[in-house]
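Here you get one chain, nothing else, as C-alpha cells; it is the form predicted on its own.
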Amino acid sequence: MTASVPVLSDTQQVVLIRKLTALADDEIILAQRGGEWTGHAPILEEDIALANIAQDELGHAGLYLELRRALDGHDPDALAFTRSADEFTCARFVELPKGDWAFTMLRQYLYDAYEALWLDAARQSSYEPLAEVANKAFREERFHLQHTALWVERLALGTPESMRRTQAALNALWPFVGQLFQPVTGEDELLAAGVLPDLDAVKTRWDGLVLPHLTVQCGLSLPPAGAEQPGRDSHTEYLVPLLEEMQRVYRAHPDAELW
C-alpha cells in the first residue's frame, strides 16, 4: 500500500521539481548516447545488453518525470521532446559524444556507480513517492554497475591497446565527473528535510567504491582533478545536435495522439 504523500512547502516543491528534472535529463541524454551503439557494438550480446541499459535509463527518467507531473502537471514526453538545450539541466558529463567502446563503458560505469549509490540513499527519503521510485530503480542499477565494472576491468587488463584506450577515456572523462555531485539551487532545504540524499556522503561512498576499482583492480592512473565545473545551465556544443536528432520525430508531428 502506498503511504500518504507528505505535504511540501511551495519552495520545497520548486526545488524538488528542479532536482527531478536534472536527474531525468541526465538519464535521457546518457540513454541517447548508449542507444547510438545499437547495431554497432563489438559483440552481438553486448549490443543487446547496452540497448537494455539505455532503455532502463530512459525508464528511470520516466519515473522522475512522473514524480514531477504529480507536482506540477507537466507531461513527461513534452518535457523530453520539446525543450531546447537551454532548458535542459543535464550534466556535461553525459553530453559528450559516445567515443569508442572504452569511453562508453567507462562513462557508463562512473555514472552507474553514482546513480546506484544515490538511489540507495534515496530509498530512505522522507518523501515516500521518491523512496518508492528509488527502491524500484536501485535493483536495476545494481545490475548495470556489475556489468560495466566488469567491462572496465576487462578493457583495462586486456591488451596494451585496450588499456591505452581505457586510460585515454579516463583522462577525458575525469574533469567532468564532479558535476554529477553538484547540488541544484536550494537542494540544502530538501536535504535538511530528509527528502534528498546528502550528496557529499554519496560522493564519499563513490570514492570508496570507484577509486580502488580503477587504480588497484584495473591498474589505471587517476588524472589530476579537473577545474570546477559550471552549473547545469551551461552545456557543451554536443547537446544541441543530440537534441535535434532525438526530438526530430516528435517535433515533426506535434499534434499526434497515437504512435
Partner chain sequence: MTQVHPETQWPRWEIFKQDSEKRPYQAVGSVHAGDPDHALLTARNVFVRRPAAVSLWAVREADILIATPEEAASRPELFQTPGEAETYHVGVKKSHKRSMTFVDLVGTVDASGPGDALRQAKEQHADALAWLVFPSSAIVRTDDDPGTVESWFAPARDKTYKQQQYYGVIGKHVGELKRSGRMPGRATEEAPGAGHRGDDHPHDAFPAEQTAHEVKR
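Numbering follows the first chain given and starts at 1. Everything quoted here is computed from the prediction, not taken from an experiment.
Beyond what is shown, the protein has a form predicted together with the partner chain; the following relates to that form.
Colleague: What is the one choice in Y127, F93, W151, F88 with a heavy atom within 4.5 Å of the partner chain in the predicted complex?
Modeller: That would be W151.
Colleague: Among F103, F143, F181, W174, which has at least one heavy atom within 4.5 Å of the partner chain in the predicted complex?
Modeller: Spelling it out, the residue with a heavy atom inside the cut-off is F143.
Colleague: With the partner left out here, if you bring back the partner chain in the predicted complex, are Q12, R18 and D77 all within 4.5 Å of it by some heavy atom?
Modeller: Checked in the predicted complex: no contact with the partner chain for any of the three.
Colleague: Report whether the minimum heavy atom distance between D255 and the partner chain in the predicted complex is within 4.5 Å.
Modeller: Judged by the heavy-atom cut-off of 4.5 Å, D255 is well away from the partner chain in the predicted complex.
Colleague: May I ask you to state whether K136 is within 4.5 Å of the partner chain in the predicted complex, using heavy atom distances?
Modeller: Yes - in the predicted complex, heavy atoms of K136 and the partner chain come within 4.5 Å of each other.
Colleague: Using a 4.5 Å heavy atom cut-off, state whether A70 contacts the partner chain in the predicted complex.
Modeller: No - in the predicted complex, heavy atoms of A70 and the partner chain never come within 4.5 Å of each other.
Colleague: Answer yes if any heavy atom of I43 is within 4.5 Å of a heavy atom of the partner chain in the predicted complex; otherwise answer no.
Modeller: Close contact exists here: in the predicted complex, I43 approaches the partner chain to within 4.5 Å, heavy atoms only.
Colleague: Choose one stretch from 78-86, 151-159, 166-174, 183-191: the one whose residues place a heavy atom within 4.5 angstroms of the partner chain in the predicted complex.
Modeller: Careful reading of the contacts points to 151-159.
Colleague: Within 91-114, which residues come within 4.5 Å of the partner chain in the predicted complex, counting heavy atoms only?
Modeller: None of them.
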